[in-house]
Structures are given as structure tokens and as C-alpha cells.
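Single chain ahead, by itself, as C-alpha cells, in the form predicted alone.
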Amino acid sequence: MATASKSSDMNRRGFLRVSFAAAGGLFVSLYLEPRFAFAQEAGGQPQAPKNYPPDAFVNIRPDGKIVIQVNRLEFGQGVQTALPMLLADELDADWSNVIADLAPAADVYKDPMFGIQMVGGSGSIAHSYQQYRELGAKTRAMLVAAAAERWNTTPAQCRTEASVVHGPGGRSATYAELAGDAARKPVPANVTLKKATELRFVGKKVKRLDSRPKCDGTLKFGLDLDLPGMKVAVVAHPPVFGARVKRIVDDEARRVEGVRDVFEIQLAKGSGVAVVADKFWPAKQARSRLKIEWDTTGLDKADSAELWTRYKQLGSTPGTVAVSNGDVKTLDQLPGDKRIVAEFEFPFLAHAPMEPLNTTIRFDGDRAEVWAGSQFQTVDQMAIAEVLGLKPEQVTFHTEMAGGGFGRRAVADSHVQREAATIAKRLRGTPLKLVWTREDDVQGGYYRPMHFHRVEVGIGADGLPAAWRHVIVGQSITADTPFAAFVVKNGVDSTMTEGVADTHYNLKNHHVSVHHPKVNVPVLWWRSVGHTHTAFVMETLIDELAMRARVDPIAYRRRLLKPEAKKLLRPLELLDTATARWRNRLPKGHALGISCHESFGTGVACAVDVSIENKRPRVHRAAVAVDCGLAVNPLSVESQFQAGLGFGLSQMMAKGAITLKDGVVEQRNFDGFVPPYIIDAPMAVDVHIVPSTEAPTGCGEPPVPVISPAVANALARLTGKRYRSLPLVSL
């Protein structure tokens, strides 16, 4: 790899570095200083820029192909297309020659806001929007400078289009032809980014780069990886979280043809038994023949029925204060007919991504190579290095395409990767793929925490809430993790109160408190995190208030929202206009449901047309209006919201809960934990995007919170009952 030429004029926000490879081609990388505390060293000082590989972000190859590295995991959200669109647009690249690659784990690929390489919080586009645009603009400026020097003219007399620089007198040169000279040019300290009207790709519907290979089956996921001589492992996990192996009888397991080893391993909590075989099937068959005696001494054996009793008791008392505005005692002065007392129950939920969790590792003693579909590359790379006794830079970590995740691949304790590394350490020199089967994942955690809400609402003479007392009970997701320092404030985990403590409704005498009980069940963020349950509580209660006031549900919300809540007011206005025709002409036996919610900087308003068929809700039509700032790729935004609504319905399914009995999860696979089927999904989904030139905000998670309260609100109009608990066991 040739050395890079450094710019003498460093941008205060970061630096570019370039090089010209021996095989030809311009390589560019950009580092932006992180703006989030997590990216700082223990001493509190920001990390200094480091020496990064020259081919970090852009590679203009001699054949004209432009390879753009994507610093995120792609698992269906469309980031593998959207981020290259940003860079290619500023670069004036020929889109037909753009290739997107998922970047490996490296410092240069860390999220500019969070300071670790990750996907989460719907921040991929929002956080790298400026970063990728600057990459494209500065690379273009260097190519233009090279062309201007070649033609003895000025950059101002040159223009670019479709990977070609055009100059005076009809001269032209392709980016590939200019790459070598451009690599020797100083990096411009500042560039002017395009105006919105000048963008050619951004804001337009662009077909995803991964669509065709996904459709024809040529795209490979982490689970598809097959290395020469590779072994496959599965692990027998304890039935009670944290239990340890007391005794193993493995004679029958070892007799299965293809089985190479059976041994106990340490887990994140407790221990398990690893089975290593030539292929997956013999490993799985052998595991089923193991006879294991487990030691559960001293362990809390969680039981759903007992937990609900405990949670309700806690919910009847004030907890740690999250918000306290005004005098909530106003509630106690109101008569009974001016008060609503509501209790809500939300169970544990599994993520159940379609591609089972997996990690492949080859450990060679002084180095390791890893292949995984990880949302937390930095965290997982460090965990693997720790297990293998290596430094993180000795672990080459390849980001593999993943088949869904919904938060499940972003785990602070890296338990899957740690298990894989532990087994690979014993198989030194031999590649090892660890597979968590569907049963492993459904029964072995990690889950969205179960929550209980108790809300008392006082109603004023104007029909609006005069007081709001809200108690939430649930486990903290981030307690005892590195994220606690940034998420838990004054004893309150904000992932549990988001959407309630920071509501955009103008609530008088507003008091929110929480209880964080300790439960022996591993919990994790589930797509849209706390908003999954807080939006349901808020939006069903707001709808109930609107019905009591006999005010149109859209009009009521617009009246109650704070004037500065533009991210919700604009979608509500667009939804009102875009759906008026069908909302006012619903067939007999159908009802309308409305909801709105803001999460991850994006406001969403939702309308659904619902009936009841065979004692289950039938969503005939759903419409959402979205304010996500600039929609980088409207096609991906539409896809995210269409799929996100379907995912959001999963918490309503009759068998959509994870329950425990005597410490053991009662569900095993999709027979017991039942996701939505085609019949449950909306028959039609209309996505309306609020026009905007503001910086983009999240789109991966904001669709999820709005659908279940909208459907519940429609059902309330059909049945006359208010639904306080999910899943909907009966109507």
C-alpha cells in the first residue's frame, strides 16, 4: 500500500487522507471528531485522530468503478444505498458504477456522534449525513484540481458530471484517469456542499443496490459463510438464566457422526455445553442427546404471574421521579367522573430476526479473523480480543450482511461473540461458526423488558388533561452496562420513559416516576425501545380523552400539542389532508384509528381502517405521514415504514408474548411466539413524506410505535372497550 499525502491545512472538524495504490486508484478517508461523551477517553479528553487505512471510504478504481465503504451494518434498513447516495451525489459520480461495501471494524468507521462503530437509535443517516457529503465534495475537489493542473487552467473553469471532469476547449478526463494525480493534491480545508436543488440522487427514489442480489439469492449473509475446514458449533444454554453445569452425560452425543468435541464453556452468566461438529445438523442432533444436570442454587427464578403481581404493587406507589411539573395533587381534587385511572401491561418480547444469530471466528494464536452481522462492531471486536488475549487491532472484524436484527445484534455484553471466541480458542487454527438456533434465541434471551404503567389523568372543563400522574415499572436496559453513564440519570433509565417524560403534548401538572426492579431475565432494546410501550399508553389515553370530549381525534391532538412540536403538527396536517377521502367513507363494520408519536427526531402520524374478522383485528388500510427531514432515498423511507408497521403489530399478536414459569421461558419457536402473518399485515400502506430540506432524522424505528395504538383506538370504536394490555388475547 502506497503512503498517503497529508493535507497541510487541516479542517478543525477532522482530516482527510488520500493515497494512490500501486494498482491505481484514488483512496480517500475522512475522520470527524466525535461529539459524544462515549467517544472520549477515560480522562475525559477527546481521542486524537489516528492513522487509518488509506482505502477507508472511497476507492476510484482504474476500471471506473467507485467502491464506497459503508460504516454501518446493513440488515434491511437501506443504509448500504443511502450513504453511498450522499457521497456519490457530492462527488458527481456515475451511479451505475458505484459499488457499496460493508466496512470492517476500524476506528475510522465509528459513528461521529457516538464514537463507536454501531447501528442504533436510527442514527445511521442522521449522524453520517454531513460526513459522507463532505467525503464526496472533497474528493471531487481534488479530482478537479488534478484536471485543472493537467490542462493549465483553473478549477473554476472545470465542471464535473457522471465521473468525468470537463474543461475548456472540449477537454475531458474520467475520474479513473485523474485518480493518480488527484491523490497527490492537498486536501481542501473547506468545500461548499451542493444546494438542495443541485442534488441529483438525494431526495429521489433510487433502487437499492442490494435488491437484485437479495431477490436472485446471490447475496450472502453471515449464516451463509463457509470456509475451508470450518467447524460448526451450537451451545446448550441453561434453562434458567445464569445456571451452571453440574454434570454432563455426553456418550450419546459423541456417537453422532461428525461430532468432534463436547465441552463446558463459560457464558456471560453461568455456563453451558458446546458441541462442535463438521456441520450444523450433527451438532444440533448431538446437543439434543446431551443429558445435563444444572445447578440453579441461589438464582432468582422469574415467573411472569409473580412478576405482574409485584409490578402492580410497585406501580401503586410513586417511584424515582423522572418529571415533575406543576402540582399533581390537582388530581385528588377532581370528582370521579373527571378522572381516568388506567393500568397497562406489556410483556417480555423476543426480537426473533429471520436470520438466526451467528458468528464465525478463526483464531491463529497471535491474530484472529471474525465474520459477523454486528450492530456493535467496536464492542464485539473488543470482547473477542479480550477472550482471546489479543489487542483489538489484532482482530480483523468483517461486517457481514444480516437478515434483520431489531436491536438483537446490539448487545453490550457481546455474549454470542464471546461464546464463539471461547470455542474458537480451543480450536486454534480451525475456523469455527457458532449458530444460535431460533429455539436458542427465543428461549435464551435477550428480550424487551416487561412493563407496567399506572396512569391517572384529571380532565379539565375544556376536555383537556388538567393533571397527569404516571408511574412506570420495568427493568433498566442499560443498568450495569457501559451505556448507563449516558442513559441513566438520577436513577432513571431514559429508555423506559422516552415518549412520556419528554412528551410533546402540553400536559399540565405532569408527574412521571419509575421503578426499576431487578429481575433475572436478560433484557435489551427492541426496535424503537421505550417508545414501543410509552406511545401505546399515551396515544390510547389521548384518544380516549378526545372521544370523551367529542372532538375529532386529529383535531384534539393538534390542539393539545405544544406550538413548537412541528415534527408532529406537520405530519398530522398532511395526514388529515391525504386521508380525508377514505377516512370519511369507511364501510359498515369498519372503524378509524388515529395515533401520532415522535421518536428519534422523526414525527409520525398514523391512520388505520380496521374491522374485526374471526375475532382478530383486520387492518384494511394504514396511512402514515412522516416528517424525517430530508428523505435521502424516499423509496427506502417508504419501505421502512411499510415494514415497520408490520413489525409494530407483532406486540399485538395473541401469542406475541414471552412468558416464564419457574425461571424457564415457556415459548420455544414460532409455534409459541407467533409473529404477524400476512393476514395480520395492513392490506395497503400509504406513506406520505412531509417535504423538507432540514437534516435527515431516523426512519428505522419511528414506524413501530404508532401502529398498535392506532389499531387499538379503532377497536375501541368497534367494541366500546379500551385495550390496556398487549398482546390482544381476546376482543
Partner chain sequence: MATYQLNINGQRKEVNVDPSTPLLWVLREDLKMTGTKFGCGISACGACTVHVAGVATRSCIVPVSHIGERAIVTIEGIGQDTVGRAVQDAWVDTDVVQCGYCQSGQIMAAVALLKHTPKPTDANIDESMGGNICRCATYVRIREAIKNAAAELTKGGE
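Quantities reported herein were computed from a predicted structural model and do not represent experimental measurements. Residue numbers count along the first chain shown, from 1.
Keep in mind that the form predicted in complex with its partner chain is not shown, yet the notes after this line are about it.
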(message) Contact check in the model of the complex: S124, E386 and V487 versus its partner chain, with a cutoff of 4.5 Å between any heavy atoms. Do all three pass?
(response) no
(request) Name the single residue among H597, R72, H451, H351 that comes within 4.5 Å of its partner chain in the model of the complex, judging by heavy atoms. (result) H351
(request) Could you tell me which one of K338, R184, K566, K279 places a heavy atom within 4.5 Å of its partner chain in the model of the complex? (result) K279
(request) Could you tell me which of 338-346, 305-313, 239-247, 209-217 sits within 4.5 Å of its partner chain in the model of the complex, going by non-hydrogen atoms? (result) 209-217
(message) With a cut-off of 4.5 Å between heavy atoms, is E293 one of the residues that contacts its partner chain in the model of the complex?
(response) no
(message) Please determine whether P356 contacts its partner chain in the model of the complex, using a 4.5 Å cut-off between heavy atoms.
(response) yes
(message) I'd like to know whether T532 contacts its partner chain in the model of the complex, with contact meaning heavy atoms within 4.5 angstroms.
(response) no
(message) Check P571 for me: does it contact its partner chain in the model of the complex (non-hydrogen atoms, 4.5 angstroms)?
(response) no
(message) Within 4.5 Å of its partner chain in the model of the complex, counting any non-hydrogen atom, which residues from 633-656 show up?
(response) L635, E638, S639, Q640, Q642, A643, G644, G646, F647, S650
